[in-house]
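Before any questions on binding or motion, here is one chain by itself as structure tokens, the form predicted alone.
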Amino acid sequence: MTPGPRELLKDAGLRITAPRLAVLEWLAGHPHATADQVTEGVRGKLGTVSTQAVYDVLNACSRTGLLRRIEPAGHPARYETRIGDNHHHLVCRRCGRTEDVDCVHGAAPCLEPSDAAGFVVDEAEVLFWGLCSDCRTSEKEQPA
């Protein structure tokens, strides 16, 4: 059985608080959300919560490994509860929509550095960039 938010917080050594529970529960159903989206969603659950409280929860949960923070260049950071695997992401250049990619297929020329410079590499983070179907559709509808 997958542990719930209470057990996850306890195992991570974090206090169990209403904002922490609400953030973890909301993000479980809304992966790749920005901090602003999380704040709005948590306010829908709790009624009131400060923006700073949500940022504090996101930072504490990211720091302890309960959340993964994705930072696509030129877009706000996004958060997800999917941790513990080495999945990758597709990111729309225009709107920032982010989707999971479970496995990378084909040649992988850059997943292993040519010179690790003394590092022990334990992870490669891959972001695929392009236009999502909604942005491609709206691009086609724009007059020339």
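Numbers follow the displayed sequence, beginning with 1. Remember, predicted model here, so these are calculated numbers, not experimental data.
A second form of this protein, the form predicted together with the DNA, is not displayed here; the remarks below concern that form.
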item: In the model of the complex, the residue from P76, G29, P113, G65 that sits within 4.5 Å of the DNA by heavy atoms; value: P76
item: Proximity of F119 to the DNA in the model of the complex, heavy atoms at 4.5 Å; value: no
item: is_contact(D56, the DNA) in the model of the complex, heavy atom dist at most 4.5 Å; value: yes
item: Contact test in the model of the complex: R136 vs the DNA, heavy atoms, 4.5 Å; value: no
item: Contact test in the model of the complex: N86 vs the DNA, heavy atoms, 4.5 Å; value: no
item: Residues in 8 to 23 with any heavy atom within 4.5 Å of the DNA in the model of the complex; value: L14, R15, I16, T17, P19, R20
